[in-house]
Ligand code: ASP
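Below sits a lone chain in structure tokens, taken as the form predicted on its own.
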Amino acid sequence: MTPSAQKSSLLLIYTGGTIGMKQDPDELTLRPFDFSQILEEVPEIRKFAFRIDSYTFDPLIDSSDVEPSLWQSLAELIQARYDDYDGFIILHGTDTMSYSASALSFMLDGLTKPVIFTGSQLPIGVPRTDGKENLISAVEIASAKDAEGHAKVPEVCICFDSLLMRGNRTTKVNAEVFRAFLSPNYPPLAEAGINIRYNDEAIRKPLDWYQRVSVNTSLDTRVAVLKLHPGMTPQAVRYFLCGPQTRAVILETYGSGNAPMKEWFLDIVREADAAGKIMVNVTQCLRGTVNMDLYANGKALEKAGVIPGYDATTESVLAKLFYLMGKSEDDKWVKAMMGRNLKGEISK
């Protein structure tokens, strides 16, 4: 059956998060409510001329409690239901949404359909909620097809405050306004205004629209993240870089990938490299890329064994390391693959 002949249908996957919360009248705290009530709060969804089914995780998960096991469950669910639906929408809390979207982008291979994460800053039952617009836009984009019947956006994305962004390019930047997410180093894939404008040149398309989706659920999570700061102590740096339970370390450095030139610091980096640690350099800056050839400080890191993360987000590098290390125990292979643009996560 050709894509254009298939009946349009979507699966809404509810994992938890603010979008499905209501205020407890006694404790005045936010608590999750049944997913069917979300559909009651957003009756506009029923006006779309296609089938929308739902799946609710039990128990629901606050996004602060998200673990890789949720990503594995999501990937397996999408694979199991892949032939039944034209797209998937995942309702998820905002705090770790970029981590989850990044992880799914690597774990799902051969993707030809949209997997769109969305949520809200205010509960869906609140009069000024942003959840309705986010969900409606996600539904419309997930169902959109081109003239040949193929998905307009066959990627793992985040749809939030009128922007559709590649999931592994996003980071949460604000806890108090509706534009909670940005894609600092890559343009939006679509923007929802009066009409939805698609940035077709920015959207990744599969070479084979009829390939089978496959999932990689083997993840190695032995990764630490060290944010460099003035006043670091050798004890703390050694703990992060040389810990026996750590296989890889993400170094959040200054500017274009710079770090202190202090000999004790570089000695510990060399020690970690000699111990076989994978060390990846990402910038603390919201925008820009790591270029360790630009300044002597960055070059010193490179000579000590650190590899560049280019313009990837910390969330994306973390997910990429989990994914690659889960595929192989060969650290040289992992380092080589970290420099490749696998799912549009780096501008290279």
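One-based numbering along the sequence shown. Bear in mind that the values here come from a model prediction, so they are computed numbers and not experimental data.
We do not show the form predicted in complex with the ligand, though everything after this point is about it.
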query: The single option of Pro188, Gly131, Gly93, Gly87 touching the ligand in the model of the complex, heavy atom within 4.5 Å; finding: Gly93
query: The ligand in the model of the complex: contacting segment from 79-87, 269-277, 120-128, 137-145, heavy atom within 4.5 Å; finding: 120-128
query: Partner proximity in the model of the complex: Glu302 to the ligand, non-hydrogen atom cutoff 4.5 Å; finding: no
query: Interface membership of Ser64, the ligand in the model of the complex, 4.5 Å heavy atom rule; finding: yes
